[in-house]
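Encoded as structure tokens, the following chain is the form predicted alone, with no partner shown.
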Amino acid sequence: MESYTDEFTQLKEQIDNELMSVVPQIEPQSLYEPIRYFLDIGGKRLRPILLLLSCRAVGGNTKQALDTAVAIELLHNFTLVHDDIMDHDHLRRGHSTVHIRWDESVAILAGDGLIGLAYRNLMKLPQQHVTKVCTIFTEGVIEVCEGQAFDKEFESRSDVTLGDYFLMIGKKTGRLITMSTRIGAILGGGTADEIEILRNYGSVIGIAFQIQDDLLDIMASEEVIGKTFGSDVIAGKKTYLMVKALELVDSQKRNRVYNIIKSKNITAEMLHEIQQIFQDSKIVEQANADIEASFNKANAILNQLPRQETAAGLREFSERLLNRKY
């Protein structure tokens, strides 16, 4: 019997092959070479795989959803290219970011090209789904941009609450994930109830995924996360851990955290000091507990689906996300 690990590998290979096939091998090279480079350096393809698994969970055929899954991944890569510019990141997936390998102008154009290619692929939808899916997709693009705007605004604020944080990640990270589960269910022919169940599932794992990403940024090595160690702290991001720290730690540690994140040259020693504060204050422990609680909630939501056998792939998906380690 084929394992889900093997199935995920096969789905990823299908998505990777389709991704490269949708990028024209034509002039101008200054547009298409950076796009092909960025898509070729890898990625887990979590969002398109999630879309395909959601399609299957309601009894649909994943082949009919592949073009849209690729569109979601192209949109995701658009956000990454532009985020790297805004956050001044040098590494993505263990390789130089586009604006470092070329320059910011090339990277901006490559990001614009990616979202254009995403919409071109989206137009391959069956006619009966075009209006509904394109509306969800477009609203998602707007919300992702809103989330990124909140993220940048929060960098200069010292009063960001957990409520603010969850609003931001619900738009920036969560929206792409709920788009994937919702659209997958629609393309799979799911009922209104099934579509809503999978939207709720996506919303919960989106939160857990971002908290875990925040955790990995400061607790994992560059080799594990494939991007600059501590980049969120260096950029002044109000991550789950940072918001918790500024709310919960004593005044001496809070002042030290403020001094570090305001420093113009944050050293590796400072990042390790932040790590220690997060650990001593049990914020890392709280983050892990919240992640586990979210995934348990997500699996409870999946219990509401009438086709439990076809939902098994989503359960395995949740488990794989939970087990990303630093």
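Predicted model only: the values in this text are computed from it and were never measured. One rule holds for the numbers: they count along the sequence shown, beginning at 1.
Only in words, not in the display: the form predicted in complex with a further copy of the same chain, which the text now covers.
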The listed residue (Val204, Val243, Val249, Cys134) that reaches within 4.5 Å of a further copy of the same chain in the predicted complex by any heavy atom is Cys134
None of Arg199, Lys172, His82, Arg256 but one has a heavy atom within 4.5 Å of a further copy of the same chain in the predicted complex; the exception is His82
Verify the contact flag for Thr267: yes if a non-hydrogen atom of it lies within 4.5 Å of a non-hydrogen atom of a further copy of the same chain in the predicted complex, no if not. no
Please check if Ile283 has a heavy atom lying within 4.5 Å of any heavy atom of a further copy of the same chain in the predicted complex. no
Closest heavy atom of Thr191 to a further copy of the same chain in the predicted complex, within 4.5 Å or not? no
Is it the case that Phe166, even though its partner is missing from this view, gets within 4.5 Å of a further copy of the same chain in the predicted complex, heavy atoms only? no
Location of a further copy of the same chain contact in the predicted complex, chosen stretch of 296 to 304, 61 to 69, 269 to 277, 24 to 32 [non-hydrogen atom, 4.5 Å]: 24 to 32
Across 104 to 142, which residues bring a heavy atom to within 4.5 Å of a further copy of the same chain in the predicted complex? Glu104, Ser105, Ile108, Leu109, Asp112, Gly113, Ile115, Gly116, Leu117, Tyr119, Arg120, Met123, Gln127, Val130, Thr131, Cys134, Thr135, Thr138, Glu139, Val141, Ile142
